[in-house]
Structures are given as structure tokens and as C-alpha cells.
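First comes one chain, alone, set out as C-alpha cells in the form predicted on its own.
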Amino acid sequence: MQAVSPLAQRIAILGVGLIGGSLAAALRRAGAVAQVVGYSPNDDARVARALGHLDVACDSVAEAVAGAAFVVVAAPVTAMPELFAQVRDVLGAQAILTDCGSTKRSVIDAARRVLGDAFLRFVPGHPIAGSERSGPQAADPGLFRGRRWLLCPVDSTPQQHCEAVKRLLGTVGAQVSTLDPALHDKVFAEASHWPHAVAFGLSAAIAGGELAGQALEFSGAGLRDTTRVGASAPAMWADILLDNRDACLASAARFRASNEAIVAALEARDRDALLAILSTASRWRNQLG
């Protein structure tokens, strides 16, 4: 049987933690790229290479990007402006750049400000996949299979570049769709960012109480399920929440009002009011499947 030609000879992944490492492993497993190289400012790229997720662990951004047809920035959102600045002068004339940031407004603003003419070859993205675990040791080549991967192009983003990224991501099983970047940050404050804050807050409240040890000892699936994402990387989530601050505060205000309504119903021993709140919540939650 004749081998299938890869979509690209070389792809560079900048930031090889959970997401970058999983993408590297998935691309290698799919045979979608002839060579997958990576760079991280810490030991993550070398660890990913030792685990077999990368063909090459590079010592610099320039080394990783040189000759790459695609460059994927899978670093924390706070690191992206500096990475864009390093990418700008070494990005190939036909190379396409995309990212995996959980927020889009600040990432796009930084790319527009820093990339110059290369901004036209930047396709903002966000994989809707992850884990409370982190680092290349947690990488999973099946992480994106059947999961949504959003592209958030601006008006000036050429359609052919979006299609190229879509074809690449399709090889790892992702279901690619598009979303307006301004709407993206509002939606994900509701769907991800503030829910993570709630999980962290609930965990912190229990940890700070006198029954923290007993709560650990006697907890069941309810507490584990409710607080699972509260085990995620604190530094990364502090940056995401601050980066999407306004939308998160709007979501927090609605949460506060709902929580206060539950507290008021309990204080008043008002079962009807409490039941109404819980029923509305339950009907919506059941639609998540």
C-alpha cells in the first residue's frame, strides 16, 4: 500500500505542555506531518521528546520555527506577545501561525500589534479539550478526537489559511468550527472560566474550614465531580481569569445573585422558592448530557 503524503513537512509547537504535547503526539500518531518539533523555555520539550511526542526538542524559537509550514503557539496567554515577537522575523513566507489560547481578545490584539505583515497568516484558535493535569507527562494523543476546536478569525484573515488549519486539525480527530472572537470570550467566561473559579473557590472554602480533613476522608463522587477542575494549574488559571476579567466579573455577578437567592430561601425556610431555583438549574443542566 502506498504511504499517504503528510500535509506538511514540518510543524513547530511552541509550548509543549498538556495541549502542545497532546497535539504533537496526535500528529505523530496520525502521520499528518513529516516532522514535529517543539520548543519550551523549561524542560517540557525535552521531556516530550523523551516520551516520543516530538521528533526534535529545539533550544530556541528560531530553531523550531525555521522551515515550518505551521507554527502552533500552545503557551500561556501571558507568554504569547513575547513569542509572537520572536516568531515574526523567522516565520517562513508561506507559513501559517495559530494558537491554542483560552482567551482571544488579548491574543489577537497582541498578534496584530507585534506580527506586522505576518498577522495576515495568523489564525486564532482554541481547542475545547483539556484536563486538570498538566505538563507533557499528561499528554494524550486522543485528547482532541471528537472534541471541538474553535477558529476565531478576524475580518482580514484569509479563508484559505483557515481551511489549511482546519485540514491539519482534522487529522487529529478535532471537529473544527468558527466563532467570533469577541463572542468567544463572553461565552467562555460562562462555559469555562468562571466555572473554574467557582471550583477553586469551593475547594478553598472547604480547605479553610475546620472540617477540611473530614471532608477529604468522607467525600464521595459529588464533591469530586464538582471540584475536579479546581485541581487545575493555579498560575495558568489566574492568568486566564485576569485576561478575561470583564466577562468573568459579569458571570460572577449572575452567580452571586443566584447563590444569594439560595441562601435567602434557606434563611427564610422557603421551600417553594428553593425548589424553583433548583428546578430551573436542573432543567438547564440536564441539557448538557
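Note that residue numbering begins at 1 and tracks the sequence as displayed. Computed from a prediction, not measured in an experiment: that's the story for all the values here.
This protein has a second form, the form predicted together with a further copy of the same chain, left out of what is shown; the following refers to that one.
Find the only residue in Ala66, Ala252, Val56, Val47 having a heavy atom within 4.5 Å of a further copy of the same chain in the model of the complex. Checking each option against a further copy of the same chain in the model of the complex, the one that comes within 4.5 Å is Ala252.
Residue (of Ala95, Ala138, Val114, Leu150) lying close to a further copy of the same chain in the model of the complex, criterion heavy atoms within 4.5 Å: In short, Leu150.
Want to guess which of 22-30, 229-237, 66-74, 36-44 is within 4.5 Å of a further copy of the same chain in the model of the complex, heavy atoms only? Correct option: 229-237.
With the partner left out here, check for me: in the model of the complex, does some heavy atom of Phe84 sit within 4.5 Å of a further copy of the same chain? No, Phe84 stays farther than 4.5 Å from a further copy of the same chain in the model of the complex.
Although the partner isn't part of this model, could you tell me whether Gln9 comes within 4.5 Å of a further copy of the same chain in the model of the complex, counting any heavy atom of the residue? Judged by the heavy-atom cut-off of 4.5 Å, Gln9 is well away from a further copy of the same chain in the model of the complex.
Thr157, heavy atom within 4.5 angstroms of a further copy of the same chain in the model of the complex: So Thr157 does not count as contacting a further copy of the same chain.
Looking at the partner-bound form in the model of the complex, is Asp89 within 4.5 Å of a further copy of the same chain by any heavy atom? The answer is no: Asp89 has no heavy atom within 4.5 Å of a further copy of the same chain.
In the model of the complex, residues of 247-263 near a further copy of the same chain [heavy atom within 4.5 Å]: Heavy-atom contacts to a further copy of the same chain in the model of the complex: Cys248, Leu249, Ala252, Arg254, Phe255, Arg256, Ser258, Asn259, Glu260, Ile262, Val263.
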